[in-house]
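Provided below as structure tokens are two forms of one protein chain, presented individually as structure 1 and structure 2.
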Structure 1
């Protein structure tokens, strides 16, 4: 049900029941697979956090007929319809015009938008081409959503008890616009909850089925007043606790989440959505320690996880990517005799890489990753004579050696996962981070 704050808005709404949200993502590049459709993931997640599940999603071409056909259906049954893409300056950007024609809305030129576009071009020392003027068109009865990160503003139209939102396609423009302008407007209309609609726990080191088995006894007393959802990622699992009918207050959900965290012990990561790298970074900061990494199989993903964080220089000394044996010798001074005897895919090599990274970069802790993430089963010419052929019995595909160097010793362990190369690499990164996290918790 809509809140009293939305009474004026809802007066013209003929349908009863909860608001219905539909998302239309536009772009030939999405249908061709040239660009991943991250808008569905982002918008779906943001709405879910506020208690709304998307009722429908469709990915459309840039064709005006496709846009018009789907918009008619969504506008007839939806409360909020969100369109992404097609607001730029080129000939294939037809969303604005197609929407106006379908809904019978007049488009007018807005001099303020054009000035903002011209000023942005001037800041970058580039002339504004004439085709950019089409981005300065808005609905006569609509509003403009400012875009400080690009040239195409978003558009907002509230009519007939419904809301239409048009957002630019680039994620770096869409995401802040959605968070800063769309969500607050929908909250004021009573179409989204003011705060989080569920409590989330993030866990690591325990599988989805084992996690459910362990937590289930805590949930039984609440019956169907409690909704529990699990979501497995590459190396960690999220648990969402909610009470859709409101029988459990948010404080009760938080108390239940705290009980879950206590039961899980070290397998509990955090409440919310912090990454493993963020959690490790916070632990390093509080202990005034620094980390270094050395990577072969993960190709820099481990270092990137830390360098993405603000103030990384305070806890992250740096990283070395050394895929070949020659690079391991040259950059980390891993002994050639060690590589000849044990191979690059070995515990001995992993420990040598981690220890060398800590020493050469002046870090207290170091992580190293080496192994075989290739799906082809071929033997690398740099693998070293000690390897039992990547894909063989000793080092099957997905065999990864992780090493952790600490102020009081260094250790290595072997892990192995099937799957695509990108999957194995991401799981290796998360496994290394979780190992570091657990070590830091114990110090």
Structure 2
């Protein structure tokens, strides 16, 4: 059933043309870089897969003037305006009031919201301080979006053929609220489709420019009916195919993506956005094999990539994180004489780690990563302390050895990337996974 305000919307809709979505993320902490702005990623993805690309995104200060200025502009040109943040209990949470003042909406106290907040505090055994009450205000003509994961509910206002959505800042509150209460309302109003709107393929082992050069001939016949976009990540590149004016049907885009995949061979990872870990997990699962990992340079990230996946125990036997030589000996029984002769940052040590991890954990395959993820040129706050990351060995900065243990042998290789520690760690994780993937494809 449409609410009265949604009917107002439906009545005004035909005059508006294609809906325009704008996202305004609020918070001085975003502009000061104190919190990563994950809302754009999340909301952009959820809208994008349903055929809407955000037309504009702005990050604003908590100040009421900034909110008023940008909201006025976005409200004038947008169909759906989504604001995030500034709904909490503290003095810098002014979104509700600023929006009400700008749009001339009345705010009223809602006893049901206050009750839900009080119950939440009681459930967690914490006292409810009086400043929490400001979260119980709602727009007189609007709807309340319940928040089972926090105190501040979301607010929904449909007026003048437009929709305004206010969402709380914490991602664990915003995300389920968006999925459970905002998307269904937008679909119901015909502002969002439910089907997928573009085709994406993921590649590895080929750079962005070489990839474009290789694929371009496939795209020529479609001229400007086809929109192609490339996006490089740490160790893989995505290609996105869409037809903005709809001249190419979805099935044609899919057929084109299948041709790309054929042309790319082993450099093709998947259609969609599966992680390398997910792809390896699927390959292991279908072969009924299990993987173990032993990490120094990546320090737990490789294991974490697998344990993020459901049912991990079926294909992931476990891992050890052994940054010091002592740990390599204690957990993996890497021979001390090997560490003395070759050092921990060596092909020999990498192979010993992989093989030991496989044996100890009863796994068919094992990946090992040893070395230093802290080259010169790093801008991480930890750089420059003079410590070595990997047991104090001397080794060219940034050199990492990967090893792959399989039922038919074990190999090591050296890799080396510039960049910050976190970048190098991510690249090492993805390079190891891609090696495993190619090996599994051949068996």
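Computed from a prediction, not measured in an experiment: that's the story for all the values here. Numbering follows the first chain given and starts at 1. What we label the rigid core is the largest C-alpha set whose atoms superpose within 1.5 Å from one form to the other.
Of the two forms shown, the form predicted in complex with a further copy of the same chain is structure 2. Interdomain rotation between the two structures (smaller rigid part relative to larger, C-alpha based, rounded to whole degrees) is 12°. For residue 106, the CA shift between the two structures after superposing the rigid core equals 2.5 Å. For residue 131, the Cα shift between the two structures is 4.8 Å when the rigid core is held fixed in the overlay.
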